[in-house]
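What follows is one chain in structure tokens, specifically the form predicted on its own.
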């Protein structure tokens, strides 16, 4: 190796797996992370158990952190401010929280800065942040991991409602896509709640259930047959504050002749979806990347070259290109590392006119 160096932006599952593989192949890595810790969103929100195996998130994330921590040059609490092409690589400007800028010369870049959860306050009719005992799945993960699943009164909830597709499949907030993981996370949380509070009543309100692949029996059927979780297909119009800090759901049951629903619960959980957050938008703009129609970063060819960006020498991994599971993000991190390795050692960069054709079709 002749001193090849790769910059990895983001230390979530995708960024950590990419860094790990590059290290294994003898490539120098520079890691940039905007937070003060490694691990990305699973660490930030203190994920509890991962679906579908219901294993602790720490079992997956912590080993990745240990393989990277102290072994690469790392800029914590820092962002990529800008990139210039120079010679056979890039000169990258990195800014820390004090505003100090340092530069690194690298041969390739992997953007793996991830996603952010939809902020349910944008769906004002659901009362998040206004009505007590309405939470997001991202809030509940922390409550479960810290074993503090209680209402505002400090007591375990005996009646829990989970509402799917909050901020996903919703043109009113500009997110027409499915966030892919919310059904599975919500059912997983329902099973965790029943495990801890066996006599709790847990209902999941849904448009469609999308426990794709091998998750159908491990989550959807298991939650009903073993945990007695109830599924109600319906449209929820609003939440109201009830007596004793209960939450009253109003809507209609679309499976039963659109029967009106007015049901009280101790706790409501909103299954808030995934978006490209401000952090990843800033990364994409600094790197000169393109966005696709849903607001995520556009790969060069989503079917054939999903980890190559539209800019030569820059690769993509994880939820920066769309909603993904943790395991898929880890896999993409490995793939991006391999493609970056081929690029910095052999100059391999595959071409595709897919993105160009998409633009031409849109203009017609």
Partner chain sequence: MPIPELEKPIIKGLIQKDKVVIDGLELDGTWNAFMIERTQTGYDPSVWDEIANTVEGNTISLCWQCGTCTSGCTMREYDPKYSPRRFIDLARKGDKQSLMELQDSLWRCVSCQKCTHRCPKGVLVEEVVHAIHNYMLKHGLVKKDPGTVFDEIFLEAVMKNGGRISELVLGGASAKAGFVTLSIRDLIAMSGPLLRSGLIKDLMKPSKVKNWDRIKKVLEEAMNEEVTPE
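Values in this document were obtained by computation on a predicted structure and should not be read as measured data. Numbering follows the first chain given and starts at 1.
Omitted from view is the form predicted in complex with the partner chain, to which the following refers.
**Asked** In terms of non-hydrogen atoms within 4.5 angstroms, which of the given stretches 179 to 187, 79 to 87, 230 to 238, 123 to 131 touches the partner chain in the model of the complex?
**Response** Single hit among the candidates: 230 to 238.
**Request:** Just give me the single entry in 98, 155, 256, 244 that has a non-hydrogen atom within 4.5 angstroms of the partner chain in the model of the complex.
**Result:** For this set of options, the contacting one is 256.
**Close approach of residue 224 to the partner chain in the model of the complex, 4.5 Å, heavy atom** = Judged by the heavy-atom cut-off of 4.5 Å, residue 224 is in contact with the partner chain in the model of the complex.
**Asked** Should residue 264 be classed as touching the partner chain in the model of the complex when contacts are defined as heavy atoms within 4.5 Å?
**Response** Yes, residue 264 is a contact residue.
**Message:** With the partner left out here, check for me: in the model of the complex, does some heavy atom of residue 294 sit within 4.5 Å of the partner chain?
**Reply:** Close contact is absent here: in the model of the complex, residue 294 is far from the partner chain, nothing within 4.5 Å, heavy atoms only.
**Prompt:** With a 4.5 Å heavy atom cut-off, would you call residue 159 a contact of the partner chain in the model of the complex?
**Reply:** Result yes; residue 159 sits at the interface with the partner chain in the model of the complex.
**Heavy atom distance at most 4.5 Å to the partner chain in the model of the complex, all of 23, 62 and 105** = No.
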